[in-house]
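Considered here are two forms of the same protein chain, supplied as structure tokens in two stand-alone entries, structure 1 and structure 2.
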Structure 1
Amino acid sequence: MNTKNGYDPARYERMNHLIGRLTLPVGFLLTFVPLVILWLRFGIGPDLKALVQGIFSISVLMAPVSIVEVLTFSAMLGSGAMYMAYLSGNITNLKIPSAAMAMDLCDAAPATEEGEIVSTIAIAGSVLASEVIIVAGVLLLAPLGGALSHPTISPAFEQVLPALFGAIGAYYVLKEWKVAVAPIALAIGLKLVGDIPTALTIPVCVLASVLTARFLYTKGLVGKGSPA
């Protein structure tokens, strides 16, 4: 057991799970507090039948994506970063890019002690930064709301997420372009087939990425010592 400088990996992991298992349920329950206040104080509440139908329809779509996200991101981020990411939200569009770039800049590999610590620090920093931006956004929303909803500007906001993932994706594709060929081709093929739900395309493309990377690695085509 490595306890150098007072660091005990086993104790660190236990504390991560202890704090995470306490804070996630508390955070989940706190999200309902504003709704309960509106219901009890002002009598504002959704139709029960519509509420159940909405929860069911969203859950059917999001459950497969959520399972794939947990299986995919946990190996990359580690326990502490995962708990913080799911507690604060904006996982794919903010937390994952922050952790990925931080580990790359620090030359820390995922699924290692160093990678987990770096990803945890990066996500903690992104939480603080995003809270400042959210507060500023709320304060500026009223005076700028009309301008931001102008038909000339509003289409640009639809491209924020594609631009973010495009920039990050291009960076990693250039590092190991061979791994990206199969999943990108599959994603394009699925898009051409028809309007397939994201809940199906994401797991399929993730599986294709894993299998492709595994195949290329066993053949010595990617990884250390692979030909360019």
Structure 2
Amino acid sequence: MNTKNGYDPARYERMNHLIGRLTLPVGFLLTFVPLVILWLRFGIGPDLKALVQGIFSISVLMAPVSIVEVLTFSAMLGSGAMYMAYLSGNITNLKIPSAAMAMDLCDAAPATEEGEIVSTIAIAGSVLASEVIIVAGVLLLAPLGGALSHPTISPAFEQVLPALFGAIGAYYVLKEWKVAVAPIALAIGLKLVGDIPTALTIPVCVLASVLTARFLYTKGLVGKGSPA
């Protein structure tokens, strides 16, 4: 990659971490504003005893999932992309596919300087686009609700995830089928076993995929395409 004189990636990294570490907590606190208004102004507040119980239940579920997900996604996304993905949510169904496609279409390998920049730009585009679409949804709530829930086409909207992962899955399988076989077989096996929480299945599948890739890499079967 041609870099101009004086290009210092570390400077941009610091900037990303600074923006991210400021905006994430602020964004999180902002989400409580409507709830506080409801409570203080309209007297619609939670039952504290039940709330404590609920906090306990949700934390037992979310704390382990969050740790595992952060560790996994950290290896895949750049810093700016990571902070955006966490503030705007919808990581596996929107942000990860967008970043993956953008890096591929722009020939920017993940976990490189180029991949970092390309995935950040793509995720910013993704956040802004989905916000606009959701706003349109809010504005068109009534008419759109009628059209989308028409019995003929409504099943299609329940199957967006299978369509997304069929398409992007096929793309990845065709790209490097040797790496794909083991994690897909394992994922199917895990699904057949039963309802295992994603806190477990995500790291297990990612680990299987990485170990397969490592094996193939040391045998010289993958990773030859790109220059060292």
Partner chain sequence: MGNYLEYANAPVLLTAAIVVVAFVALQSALFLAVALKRGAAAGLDRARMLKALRTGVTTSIIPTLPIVMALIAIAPVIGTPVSWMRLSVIGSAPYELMAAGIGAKTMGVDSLGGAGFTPTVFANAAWIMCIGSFWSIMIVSIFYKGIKKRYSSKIQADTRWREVMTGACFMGVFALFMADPITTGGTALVTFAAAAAAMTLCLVLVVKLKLDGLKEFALTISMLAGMAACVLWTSLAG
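Just so we're on the same page, residue numbers count up from 1 along structure 1's sequence. Because the structure is predicted, anything quoted here is derived from the model rather than measured. Just so we're on the same page, rigid core means the largest C-alpha set that superposes within 1.5 Å between forms.
Student: Working through the pair one at a time, identify the form predicted alone and give its number.
Tutor: Structure 1 is the matching one, since it is the form predicted alone.
Student: A109: with the rigid core matched between structures 1 and 2, does its Cα shift 2 Å or more?
Tutor: No, the C-alpha moves less than 2 Å.
Student: Once the core is aligned, please say if the CA of S79 is shifted by at least 2 angstroms between structures 1 and 2.
Tutor: No, because once the rigid core is superposed, the C-alpha of S79 moves less than 2 Å between structures 1 and 2.
Student: Note yes or no: does the Cα of A156 move by 2 Å or more between structures 1 and 2 after the core is superposed?
Tutor: A156: C-alpha displaced by 2 Å or more between structures 1 and 2.
Student: Where the core is superposed, what shift in Å does the CA of I67 undergo between structures 1 and 2?
Tutor: In the core superposition between structures 1 and 2, the C-alpha of I67 moves 2.9 Å.
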